[in-house]
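One chain comes next, on its own, written out as structure tokens in the form predicted on its own.
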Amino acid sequence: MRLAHLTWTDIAALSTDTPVLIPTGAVEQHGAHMPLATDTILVTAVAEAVEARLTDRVILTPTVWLGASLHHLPFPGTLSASFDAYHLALNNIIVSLADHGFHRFMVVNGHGGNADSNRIVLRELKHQRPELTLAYQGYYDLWPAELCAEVMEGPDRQIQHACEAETSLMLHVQPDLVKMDRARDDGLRPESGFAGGIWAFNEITEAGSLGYATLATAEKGKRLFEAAVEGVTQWVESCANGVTLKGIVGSGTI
């Protein structure tokens, strides 16, 4: 069920045990070959495919498209919320529905820059509203760990930014927006092995992409997309069925 397509009376008639799925994306630079809305397009496509599978078992909210993208602002066209604004927006979505009785919330992310913020918002909410069941995952966290190694060809076989994986996903989902003639392999790293640095993207890339975009294909994207949809579907189903916690002191279901 898509929240935006329902009436308030439709919502009032639903079981408040129904999980609420909230996609989070961004509008930010994705190199010279990918559209600014890449993260929003991809996470929305995954979430909508999951909703189509689980129509009566999940409530899908509109995608939060204004992400935490400060590290991409050196590139024209990037839009970013401040951390406080992003936190407040996600918090308010959840609290609005929690005040109407819903208590299972799942945030599926499509932009790495939102990851820390999503965790902080859910951690704070859990402290304030301990009765809520809250979960966060990137769609790319829910496909098999070995998938990128099987599908991708480049030296960095992981999803990064406007890379082989992400470009392949866009070639599958919305190929008309990808300019492969502009794709380039890109990415800079400290020679010293310095780890844990906080960088803006103009410091670690030459044109805004990170990885081996030139190796992207729609076929690779199809495999990644289908695996993401399957993984997120199973994740949502596990919540809809009730989560049982087991341990040495007993068990309980939420």
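Start at 1 and count along the sequence shown; that's the residue number. Being a predicted model, the structure only gives us computed values, none of them experimental.
FYI, the form predicted together with a further copy of the same chain isn't displayed, but the following is about it.
Interface residue remark: P175 is not counted as part of the site for a further copy of the same chain in the predicted complex, having no heavy atom within 4.5 Å. Proximity of L70 to a further copy of the same chain in the predicted complex: non-hydrogen atoms within 4.5 Å are present. Although the partner is absent here, P144 sits far enough away that none of its heavy atoms falls within 4.5 Å of a further copy of the same chain in the predicted complex. Shown alone here, D56 lies farther than 4.5 Å from a further copy of the same chain in the predicted complex, counting heavy atoms only. This chain is drawn without a further copy of the same chain; in the predicted complex, the residue among M34, A216, L224, V46 with a heavy atom within 4.5 Å of it is M34. In the predicted complex, a further copy of the same chain lies within 4.5 angstroms of at least one heavy atom of each of the following residues of 87 to 110: H87, L88, A89, N92, I93, S96, L97, H100, M106, G110, in sequence order.
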